[in-house]
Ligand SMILES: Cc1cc2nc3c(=O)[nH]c(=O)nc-3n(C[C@H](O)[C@H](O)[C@H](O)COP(=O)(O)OP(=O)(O)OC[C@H]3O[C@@H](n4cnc5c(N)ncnc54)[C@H](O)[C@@H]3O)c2cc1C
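For reference, the chain that follows is the form predicted on its own, supplied as structure tokens.
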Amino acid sequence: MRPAPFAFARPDGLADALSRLGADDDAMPIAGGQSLLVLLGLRLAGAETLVDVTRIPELCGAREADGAVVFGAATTHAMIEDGKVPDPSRGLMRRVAGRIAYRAVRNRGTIGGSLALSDPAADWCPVLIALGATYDIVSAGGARQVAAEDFADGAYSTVLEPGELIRSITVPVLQEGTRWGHAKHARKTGAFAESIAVVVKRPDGVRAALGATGSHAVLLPSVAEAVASGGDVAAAARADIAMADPDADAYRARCHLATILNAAREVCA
């Protein structure tokens, strides 16, 4: 199926892009387009104008600043996988990037585009929650900061308002002594994930997150407490799964339990 007709704009600056997005409620930003173009082709999404943001300097690359790394929203998965940008996560982000779909997708897909789409099975959402990331959201009217765990509020639903754009993602640098675990279950390489679990154990505390739920990625507070205290992770995981994905069938619940236990085991090994 072909998409409905749309106009295409390629602004060379952030102000121009935000002006175009703010002036037309039916305008949509496009970066890698790995998901959006499919949705447009199936006519599950529509836009009067697509605003290409991939060449805007403020959205490209990454830089180190004040104990964190700031990733431009148009940074591709492949750039992270290949180590072409700083890695604040001691290898976690490079592992995650290398397991996203296929290389052709990673060459074009962007971290900001993945977050903005908020696919329940997306890889970056639980990882950035576990890392304590913050998103810089901008519009023609100003900017605001949103914690990773507060960004998505449902499947394919976020706190982004019309005319807003993710400008960057700030990820704190993990301190020496930090350990992390990451586990992902999919039926085959490149398939959508059926469960993603991430556990990050810092010297000052633990954060754990679950993705590929029926809604959106969330923190796992009971798991984090159990990992920190040496408690019963399996019991904590079952309690958190019931809260995070209450509509999960028995198969998906088992997938969640397995990925959480595998991620926690990697941390505690």
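It should be emphasised that the depicted structure is a prediction, and the values quoted were computed from it without experimental measurement. Start at 1 with the first residue shown and count on from there.
Unshown form predicted together with the ligand; subsequent notes refer to it.
Listed residues I30, A68, A62, V206 were compared with the ligand in the predicted bound form; I30 is the one with a heavy atom within 4.5 Å. Of the residues given (G190, G83, G98, G141), G190 alone sits with a heavy atom within 4.5 Å of the ligand in the predicted bound form. The stretch from 72-80, 174-182, 85-93, 142-150 that comes within 4.5 Å of the ligand in the predicted bound form, counting heavy atoms only, is 72-80.
The three residues T213, A226 and D240 each lack any heavy atom within 4.5 Å of the ligand in the predicted bound form.
Taking the partner from elsewhere, L36 is found to have a heavy atom lying within 4.5 Å of the ligand in the predicted bound form. In the predicted bound form, at least one heavy atom of V105 sits within 4.5 Å of a heavy atom of the ligand. The closest non-hydrogen atom of S114 lies within 4.5 Å of the ligand in the predicted bound form. Mapping the unseen interface onto this chain, E194 falls outside it, with no heavy atom inside 4.5 Å of the ligand in the predicted bound form. In the predicted bound form, the residues of 150-164 lying within 4.5 Å of the ligand by at least one heavy atom are, in order, L160, E164.
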